[in-house]
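Coming up is one lone chain in structure tokens, specifically the form predicted on its own.
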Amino acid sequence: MPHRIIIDTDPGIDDALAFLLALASPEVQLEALTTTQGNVVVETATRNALSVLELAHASQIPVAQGSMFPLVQPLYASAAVHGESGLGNAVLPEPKAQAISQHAVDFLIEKVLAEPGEISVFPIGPLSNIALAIRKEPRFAKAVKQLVIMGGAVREGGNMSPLAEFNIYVDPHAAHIVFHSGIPITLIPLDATHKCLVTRADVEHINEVKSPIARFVKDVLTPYLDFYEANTDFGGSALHDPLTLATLIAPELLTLQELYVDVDIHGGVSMGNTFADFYQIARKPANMKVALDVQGRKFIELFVERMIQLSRKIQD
């Protein structure tokens, strides 16, 4: 039986690629998308979620719009990396489908409580919706099967400050609530995602199939690659959000360690810093599994293979 998941998201280039990977993976049943602010404002995130599902002939999957603002911090949404639309150079038509009327937080609570222990949530944006669900309905924390979170930088440096990764930095107070909720958590931080680097050659390989999916992958990744080439020496673009799905489709590629992890919410240069107690100095039990390493090239090869398969299914 495929794993049933909801993706909580702020699409976002790599968010969109995570949707496509989920749809291309028989190990996964994508039940819904819930949206939040982050890479873009929540209205744009919702439009992007609907448009990408439509592109992939998956408009039957519900989309619920959620948090407009972080819990405490001011709204950050920026087009610096993902472009004004949030989807790089891709131009998708206005979606025919609409978001459901229910707020994402209420949708998450209702869906998870209806079938306790059956649905995993994959937050790949700021954790605002998840924190609000925990606060509004404490039973949510006991009913959700697990959270697989893209966020944080444990031994790696941050990408929003020297110490903080974007998703945690944008709403650190939400992350603090979630980390201490008691929910089974797997954290996919920059320590792992920076080892999963898609290249221009990978993009061209996908585009050997003539398909709107392949073209979309190229259109969204081209400015992403430009950004990484201008600002890093990585030699490719990190596929942050798609890597969360490796926990279900290729868990053998990840090296996980059980750790006590917390997030700094005290302000200043360390705001949003995720730190792990590797030596058990605090004497607190582990609250999550953390991906500290990954067979990055093997994951990219799997991603490329799945995009080619999806492209062959959805052709002009």
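Just count from 1 along the sequence shown to find any residue number. This structure is a prediction, so every number in the text was calculated from the model and none was measured.
Below, we refer to the form predicted in complex with alpha-D-ribofuranose (RIB), which is not included among the displayed structures.
Within this chain, residue 150 lines the site of alpha-D-ribofuranose (RIB) in the predicted bound form, having a heavy atom no more than 4.5 Å away. Contact between residue 178 and alpha-D-ribofuranose (RIB) in the predicted bound form is not found at the 4.5 Å heavy atom cutoff. Contact check for residue 190: a non-hydrogen atom falls within 4.5 Å of alpha-D-ribofuranose (RIB) in the predicted bound form. Heavy atoms of residue 129 never reach within 4.5 Å of alpha-D-ribofuranose (RIB) in the predicted bound form, leaving it off the interface. Interface residue among 146, 211, 85, 159 relative to alpha-D-ribofuranose (RIB) in the predicted bound form, by the heavy atom within 4.5 Å criterion: 159.
Only one of 245, 174, 121, 124 comes within 4.5 Å of alpha-D-ribofuranose (RIB) in the predicted bound form through a heavy atom, and that residue is 124. The partner is not drawn, yet in the predicted bound form one stretch among 67-75, 179-187, 110-118, 237-245 has residues with heavy atoms inside 4.5 Å of alpha-D-ribofuranose (RIB): 237-245. Within 4.5 angstroms of alpha-D-ribofuranose (RIB) in the predicted bound form, the stretch 7-40 places a non-hydrogen atom from each of 10, 14, 15, 39, taken in sequence order.
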